[in-house]
Structure formats: C-alpha cells, structure tokens
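Okay, here we've got a single chain as structure tokens, the form predicted on its own, with questions on binding and movement later.
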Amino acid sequence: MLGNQILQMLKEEITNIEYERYIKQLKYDEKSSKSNYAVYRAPNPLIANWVKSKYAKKIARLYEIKTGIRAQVEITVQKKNIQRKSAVQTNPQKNSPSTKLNPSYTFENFVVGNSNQFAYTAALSSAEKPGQLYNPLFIYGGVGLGKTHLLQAIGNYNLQKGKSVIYTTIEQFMNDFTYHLRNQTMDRFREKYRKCDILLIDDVQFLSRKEQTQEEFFHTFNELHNKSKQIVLTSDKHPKQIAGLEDRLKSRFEWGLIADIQPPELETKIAIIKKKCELDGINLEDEVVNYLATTMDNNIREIEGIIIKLNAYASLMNQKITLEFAKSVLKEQIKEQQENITMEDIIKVVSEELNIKPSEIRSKSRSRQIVNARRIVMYLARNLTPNSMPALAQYFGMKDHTSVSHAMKKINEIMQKDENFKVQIEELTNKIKHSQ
C-alpha cells in the first residue's frame, strides 16, 4: 500500500523513538486518499496535531519522490472519534495551527519531587479549573527544569476537553505582531490571541525592552483576564527580576500565582532518568542511572539527549549499556565539566554541608571530624577535577601522594559498608557540579 510505503521511507529519516511514538500510530486511509491527496488517521487529536506540524511536509516530499506527484497530506483523527473531530472543525480555534503541543508533555509523564511539587500542583489546578484559581499562573526557573513540560501539559489537558488552546513562545508572539503590524492586519492578530480559552506563553523574559510588543501584550492580557480565560506564562526569572519590563506588566504577572522550579535533588533526578528510559523503551541498570544523575547537569532536556545518545551508540556498536560503556561514551562531556570545577568549589560545598570552616579543611588539624571532611574533599576532587594525587598532596601540604591514596581507599571502604554515607557522597557530588 502506497501510504504505508511512504511511512516506511519516513522511518529512515527520523529517529526510531519518533517513529514508534508518533508515525507508527498513523493509519493510512486508502478509501479517502487519491493520487494527489493522502489521508492518515491518528488515534487522538494530540498526535494528529503533532504529526501535522512536524512531519506533514516531509511526507508530502516523500510522496513526490515516490510518485512524481506533490500530494496534499491530511492528518485527521480516526473515524471512531469522528464526532469529536467534527466538533473541532466547527471552531477553527480548537485546531489552531499555533497549537503545536508535544503529546508527550502530560502531567502523567512529569516526575514530581520536592524541587517542583509546588509548580506541578499549581499547573494541575490551573488545568482542571482554567481561569478560576490561579490566573495568571507564572512559572519560573532555570533552563531545562520542566517549565515547558508543565506549560504544555496544561494545554494537552484542556485540548482533550475541547478547549481552544494557544501555545507559543514570546518570540513567535513578537514575530506575529511584527508581521501583522507591517501588513496592517492587526484584527487577525487579535482574533488569534484574544479568542482562545487558554493562552500559554513560553520565555516571557524576552519581552524585555520590546516596548511596542509590551503594549500589545498588555491589552491582550487584559482582554483575556477580563473574560476569565486562563493565562500561563514561563520565564527564567521572577517577574520583578526581568529588566526592561514595564511595571504594569510586572504587576499583572503577580495578580495570580507565581511558582518556581528548583534544580532537582538527586532522588528526583534519578526518578526523572528512569521515567525517560521507560517512555523511550531504554533499559539502563541502576549503577548507570546513578552515574548519570550524579555526573550530568540538571538540564532535563540535556539528560534526555544523553540517554538517547547512549542508546544510539549501544545499538550501533551492538553493546549493552554498562557503567564503563557510559563513561567511555560521555568522557568528553565529563572532561569538560571537570575542567570547570575548582578545589574552592568542592571545599565550599563540603564545609557548608558538614558545618566546618573551609580553612579547617586545609589545616593540619587531626580532629576526627576535620580529617573525615578532608578525605571527602580529596575523594571528590580526584573524581570531579583533573587533579592528580601528587597535585592534591601538594595542595594540602602533604609529603607525597600516599596520604591521598590512603584517603581515597578509606572513603571507598566506608561507601561499600555504609549506604547512607554513599548517598551523602552522591548528594555532595550533585551539589558541587551545580553550584557554579
């Protein structure tokens, strides 16, 4: 069947995960299709929207390569959902082309821990009762901590309920504004952004110093808020810390609820890695998961990329992903991270954690508590920095590297016997790596 042959051709151009997660879900509708018109059915509106935005043009190009005819490609919902599909088509906003949500970003797929519990609960509450509880909801935090996931989870939740959802970045909002302003079609712009049930805006910090766009966004915000339509915004910083943002906008962003997402603690980080592996069908042993959690940055998107990289290397080389294999594949990334960590970074974190002065760790004191702290610093420095044992011995004013070797051996012995101590070392490793 031609339609299925095209999907097999597409399989060669995308990752196996993309194929299994999205393209494999499509059913070719031979009866509705023609030589210049190809119809595919998706199991639900989320996958239909995602495939349409990401792959429709590629599928059309492959049709032209295969048949010489540039076919129009239509991605719709399977016939068993035909009543819902009709309802969506009666209101163009329900299937707005700007609503390009990743169907993987759901509340079910979001790993909750102490670092993001508040933001998760606020997002879920806003999704369940849009425009009623927290309006606007403002979520802020560092790069790759899950802001976009929660934002799109709100969208996916309400899209399933038949609500009209607009998800966009503030950059796209500005581009749309500039385009319509230049073409004197601002009525279309306002129709698009002021007639939805849910407005989701990513990276609102980039509104900084864009005076004309801020003016338009201010009126868009007021229009939606007055109609009790839900507004959700994300940023890398608190509204008060966004330089070049008008005070009236800062004030409105604080009308509802402000929720922050902190870097995940080690336990949550491990859970996130396991969840990503589960979703992508990748099997990692616990020691590999723990290694990634303590070694890699807190950026969740970066971690996901690393997991995919490991799986791809293992598949190409026909090898199991062992701890040694993971270290080998990631050695360049680890080396780059190590070069950025200093002895001062390590001593600062360890001294704060163990309630010891930094100067005491480098002193000659033989106090049991200080000796233990000094050994921990040596162990962490040997693993997290390029420093050799002789270099560490010189740093601590020791005669030679044998004292450092003894400290390393002692820490390893304790870690093997005491699980709590091992966890403490892992936590310290995680804090040091992300304290810079």
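Superpose the two forms; the largest set of C-alphas matching within 1.5 Å is the rigid core. One-based numbering along the sequence shown. What you see is a predicted model, and the numbers here were worked out from it, not measured in a lab.
The form predicted together with a small molecule exists for this protein as well; it is not shown, and the discussion that follows is about that form.
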If you check in the predicted complex, is T76 within 4.5 Å of the small molecule, heavy atoms only?
no
I'd like to know if L145 sits close to the small molecule in the predicted complex, meaning any non-hydrogen atom pair within 4.5 angstroms.
yes
Quick one: is I272 in contact with the small molecule in the predicted complex, heavy atoms, 4.5 Å cut-off?
yes
With a 4.5 Å heavy atom cut-off, would you call E304 a contact of the small molecule in the predicted complex?
yes
Non-hydrogen atom within 4.5 angstroms of the small molecule in the predicted complex for each of N109, N116 and I300:
yes
Between Y105, Y313, F189, F325, only one gets a heavy atom within 4.5 angstroms of the small molecule in the predicted complex; which residue is that?
Y105
Quick one: from R362, K100, R194, K276, grab the residue that has a heavy atom within 4.5 Å of the small molecule in the predicted complex.
K276
Given that the partner is absent here, state which listed stretch (153-161, 313-321, 137-145, 340-348) has heavy atoms within 4.5 Å of the small molecule in the predicted complex.
137-145
Residue shift check between the shown form and the other one, rigid core fit, T15 Cα at least 2 Å:
yes
Do E128 and R21 have their C-alpha atoms closer or farther apart in the predicted complex than here, with the shift being 3 angstroms or more?
farther
Given that the shift is 3 Å or more, do the Cα atoms of R21 and F110 end up closer or farther apart in the predicted complex than in this form?
farther
